[in-house]
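Heads up, what comes next is one protein chain in two forms, each shown on its own as structure tokens, labelled structure 1 and structure 2.
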Structure 1
Amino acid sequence: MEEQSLNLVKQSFKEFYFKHSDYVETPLRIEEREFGYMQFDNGMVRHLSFKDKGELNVHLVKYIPSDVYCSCAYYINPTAPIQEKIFKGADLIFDIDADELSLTCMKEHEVWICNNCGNVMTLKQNCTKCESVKIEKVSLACDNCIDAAKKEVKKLVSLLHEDLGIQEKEIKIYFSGNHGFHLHVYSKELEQLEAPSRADIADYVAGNNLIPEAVGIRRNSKSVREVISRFPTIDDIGWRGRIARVLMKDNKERPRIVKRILKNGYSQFKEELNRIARESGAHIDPKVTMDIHRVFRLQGTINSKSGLAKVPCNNIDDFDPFTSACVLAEDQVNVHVRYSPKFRLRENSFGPFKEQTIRLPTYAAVYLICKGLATAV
């Protein structure tokens, strides 16, 4: 980012942390957490610890980080090197990103930026100006993206609640500040789980690694009667019931369904099962959930990929991230926009723009600068 744009973004972040420190949430058991932050021009700082919110806020205003992170884990020595921190437990976390949902609307609002010269292209190709191969995808989420991500959040909450027995009051949902949502689960029982167990939970909610045997179909299954005795009904609990409800509307259909499965064979059913699981499971990033030493974006801080904040969603249906998470100032500033599809922030619609210098509210200007689509002038 060139200097003038950097100054604008930094100034707007600083003003936010100075005026709106109430947005920044104090994580539970703050003194046992490791904090880290990304600097605008100087890499990552980790292994920090704050004893209270006041100390944290002073740090934010003083150093103006581009991104602020906090460990999902609780440690005895949060500031020690990783081997010496001594793990006490960790919140269970989930990351849902609309960018990973293969949505058809994506092509309307994704662009490719050359990392070498900043050229913006609407197609994925080598840079049309400098021929560099180092290009990066940038996407401006639309309402459709957010709605799709919300559906995943709801599926996830239902799996966590109905199957894993996690109480809704133990789950906190946040907009991530870019294209998705973060779920934090605060459960005493699950806190102690190590990475492999968390990977197992991630697979469970995503429906990964479901095997036909789980619904009674074996490689050598031949007899319909024998399989029916093991095959789930639509009233079953857990994944078995979930699969049955996709395969049939009524339990009377079981013999017909089992016959069809046996006729088509084990491998074909395995594929069908994977497809059902993908659709019924929640699309999460399993790496985030299984990593117990991850520092995760702190609630109430700004995401430098967009200039929007990570904010809580108390009512997921009514939640509008383009209003609730748009927290920067309104003062008008001049920017040169290389290219931008249409986007909405607060009640306003902007763009599309192409190679034009315009006057925008700070929050919209910073949004485009953070996306790499505009520069301050």
Structure 2
Amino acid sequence: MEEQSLNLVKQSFKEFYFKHSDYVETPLRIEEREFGYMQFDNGMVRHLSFKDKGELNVHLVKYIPSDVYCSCAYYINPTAPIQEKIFKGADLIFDIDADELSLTCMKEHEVWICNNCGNVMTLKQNCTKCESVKIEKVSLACDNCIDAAKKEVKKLVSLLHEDLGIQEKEIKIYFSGNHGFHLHVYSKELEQLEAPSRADIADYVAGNNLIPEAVGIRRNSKSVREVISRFPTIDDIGWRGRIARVLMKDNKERPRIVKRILKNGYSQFKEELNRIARESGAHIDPKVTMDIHRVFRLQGTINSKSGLAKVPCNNIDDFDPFTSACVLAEDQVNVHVRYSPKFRLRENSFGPFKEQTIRLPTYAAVYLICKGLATAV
């Protein structure tokens, strides 16, 4: 990032942390957490610990990090090297990213930036200016992206609550500050789960590894009457009931559905199960859920990929991240935009822009600079 742009972004982040320290949430049992942060120009700092919110806020204003992280784990010695921290437990966390949902709208608001010369292209290809192969995708989320991610959040909450018995009051939902949502589960019962058990939960909510035998269909099944005795009803709990409710409207349809499945064969039904899993399971990043030593973006801090903040979603249906998470100042600044599709922040729409020097509110200017699409002038 060029010096003038870096100064604008750092100054806007500093102002936010100085004036709005109340946005930054104090994580539970703060003294048992490891903290870390990314510096704008000098890599990652980890193995920090804070006694209280005041100490944390002073650090944020003093060092102006680009991104702030906090461990999902609780440690006896949070500042020690990882082998000496002594694990006490960890929150269960989930990451949902609209970028991973293969949405058709992405073509309208994703661009490719050359890491060598900064050239912005609308197609993935070697750089058209310097021929570098170091190309990075950048996307500006739209309302459709956010709506799709919200659907995944609601599926995940349903699976955690209805299937796994996790109380809704134990689940906190946050906008990630860029393209998706984070779910934190605060449960004493689940804190002690090791990584393999968390991987099992990730597989379960995603519907991975569903097999026909789980609903009574075997490779050598021939008899409709025999299979019906094992086939789920729409009233069953868990994935059996979920599959049944996709396949039929009521239990009277069971003979017809089983007859169709047996006629089409085991392999075709397995493909149908995979489709049901993709549509009914939650699209999460399993690596995040199973990593008990991960430092995760701290609630209330700014995401340097967008200049938006990680903020709580108390009502997922009504939540609008382009207003609630847009926390930087409104002062007008000048930027040169190499290229940008149309985007919305707060009540305003901006763009599209191409090779234009324009005057924008700081929050919109920082958004484009953080995306690598503009520079301060």
Partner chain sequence: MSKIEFGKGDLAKYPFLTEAGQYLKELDYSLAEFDEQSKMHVIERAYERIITALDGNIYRELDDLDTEVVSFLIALIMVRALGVRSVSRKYSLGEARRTEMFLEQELKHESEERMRAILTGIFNDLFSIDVIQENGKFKVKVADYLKRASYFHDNHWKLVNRTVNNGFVYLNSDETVRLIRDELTLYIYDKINKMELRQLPEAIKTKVNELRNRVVKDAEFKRYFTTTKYPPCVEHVLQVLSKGENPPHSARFLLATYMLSIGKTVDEVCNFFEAAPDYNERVTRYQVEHLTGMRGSGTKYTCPSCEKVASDNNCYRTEECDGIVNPVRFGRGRVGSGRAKPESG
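No experiment lies behind these values; they were computed from the predicted model shown. The term rigid core refers to the maximal set of C-alpha atoms that superpose within 1.5 Å between the two forms. FYI, numbering is relative to structure 1, first residue = 1.
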Of structures 1 and 2, the one that is the form predicted alone: 2
So, superposing on the core, is the move of residue 117 at the CA at least 2 angstroms between the two structures? no
On a rigid core superposition, would residue 102 pass a 2 Å threshold for CA movement between the two structures? no
With both forms fitted on the core, check whether the Cα of residue 265 differs by 2 Å or more between the two structures. yes
